[in-house]
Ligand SMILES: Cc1cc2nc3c(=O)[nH]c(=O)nc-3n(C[C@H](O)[C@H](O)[C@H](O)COP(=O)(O)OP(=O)(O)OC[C@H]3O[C@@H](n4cnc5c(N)ncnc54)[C@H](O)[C@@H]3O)c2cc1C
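Heads up, the chain below is alone and in the form predicted alone; it's given as structure tokens.
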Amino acid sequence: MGNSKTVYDAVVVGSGACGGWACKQLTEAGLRVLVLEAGRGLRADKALWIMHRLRQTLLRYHTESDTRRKERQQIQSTTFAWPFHPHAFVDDVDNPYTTPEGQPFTWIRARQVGGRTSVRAHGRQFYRLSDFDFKAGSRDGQGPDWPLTLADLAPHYETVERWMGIRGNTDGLPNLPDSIFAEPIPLTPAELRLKERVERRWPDRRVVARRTASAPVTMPAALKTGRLTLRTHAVVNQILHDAKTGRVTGVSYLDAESGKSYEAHGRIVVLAAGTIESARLLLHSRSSAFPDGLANSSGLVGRNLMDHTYLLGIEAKMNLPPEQQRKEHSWAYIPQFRNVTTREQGFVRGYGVQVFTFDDNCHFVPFGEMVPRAENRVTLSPTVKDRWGIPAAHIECKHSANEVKMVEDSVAACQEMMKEAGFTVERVNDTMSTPGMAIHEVGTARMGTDPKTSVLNAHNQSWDVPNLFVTDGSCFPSQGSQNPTLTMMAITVRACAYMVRELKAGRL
């Protein structure tokens, strides 16, 4: 490593879904890029994965029974994917965070090339947002509109979708825009039965096939250009800012294993470390010019944290004849139907329902939108630091009465749809999980049209620092009810096109 005098065209922080796309787009446009990843590389992960599988197969090892591992990963072990890929997740002892007493938040983190999308057992459901989502604030007054439209984002959605080879069906739903699909997904007999009966009873509800693809790990494509330098085990500490020029010059980082400190320099910095981690880095990058955190003249860095409402769901037997049952797991989706064509009494926004079927079993899992609220926020702990001496994130996030009423409605609606389909409801999990459990957190550095009420402009560029970009879920002004990753990636592609134009024009 070392403090090289090299000045890259771009320094990218994080190699997950967004950081990976930034590396791919920028290097393919001819830029020299350095990406800093706090975790391990793909080869190291593959070796650990093989060892994990061998232990499971030959030694009958069960991750859930590994007391020492669970002690080190008390929070990470609560997610469904942890037993399948435990080494992908962070060590909670080395990477602490704090919450107010009696107000928990479950922060699930994967530190490795590819981020959370490279975790085996990741859900890999990819849905577009629509103008229905982008203009939600205009309808109900609960937060701002996005500073862009579906037309602005559609070409970049298409770039991501074509590269990933997303599979799904053309459904023609205005509030769930169709992607560019590589191939269709046939519905199973169980899903067809559910679709026929639900849509017959409620014409405003639809049952569609999932939209899915393999993990979007773009780093190999970026490395093939020969213009990417990848440094793993690089824990970024601060973003470096030059008060004289008003621009960032790079970042300082620590080697995760030795603890040694280094600097990396670039013409632009792209922050894609994740919604909470990016806010933490901005807040920690204080200076005389930005005493409350870098790019934080609005005071909104860290505020408006959102995560989908989530509960373990409603389980049922489908009462299918044996010839219609399928051993393999299948997924379907019921897009938002509340507050779409009519206005509900008691809550704004809505929820989508993920439908899982196998054998004669059915599981409905509703994900609901959390409205943005300034008091849901990330700050820095004044006392707790991580293994490398960096102040830990302090996360304050709780559900409002709006989310509680929405979840109550979703539990009732899921049961009525199951019963209409002839299913027998066997278990109702109606307790809302703590915020964070949906693992869809967004919103801590939102984009907008006014520097006083947003952190970024419509191209993910800091209003305060023109060569600083934040392209992960931090930029979301509102959440929508769909899984957010496809939109994060498309936004990153759009932002990178803007960066390349601005660099070539000499404005960055």
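One-based numbering along the sequence shown. Predicted model only: the values in this text are computed from it and were never measured.
Keep in mind that the form predicted in complex with the named molecule is not shown, yet the notes after this line are about it.
Note that among 439 to 447, 41 to 49, 55 to 63, 458 to 466, the stretch whose heavy atoms approach the named molecule to within 4.5 Å in the predicted complex is 439 to 447.
Though the partner is left out of this view, Arg111 does reach within 4.5 Å of the named molecule in the predicted complex, counting heavy atoms only. The closest non-hydrogen atom of Leu36 lies within 4.5 Å of the named molecule in the predicted complex. When contacts are judged by a 4.5 Å heavy atom cut-off, Thr117 counts as touching the named molecule in the predicted complex. Although the partner is absent here, Glu191 lies well away from the named molecule in the predicted complex, with no heavy atom inside 4.5 Å. Not one of Tyr97, Leu380 and Val470 is positioned with any heavy atom within 4.5 Å of the named molecule in the predicted complex. Exactly one listed residue, out of Phe89, Phe423, Phe105, Trp146, brings a non-hydrogen atom to within 4.5 Å of the named molecule in the predicted complex: Phe89. Contact with the named molecule in the predicted complex, judged by any heavy atom within 4.5 Å, is made by just one of Val93, Ala374, Ala215, Ala121: Ala121.
Contact residues in stretch 150 to 179 (any heavy atom within 4.5 Å of the named molecule, taken in the predicted complex) are absent; none meets the cut-off.
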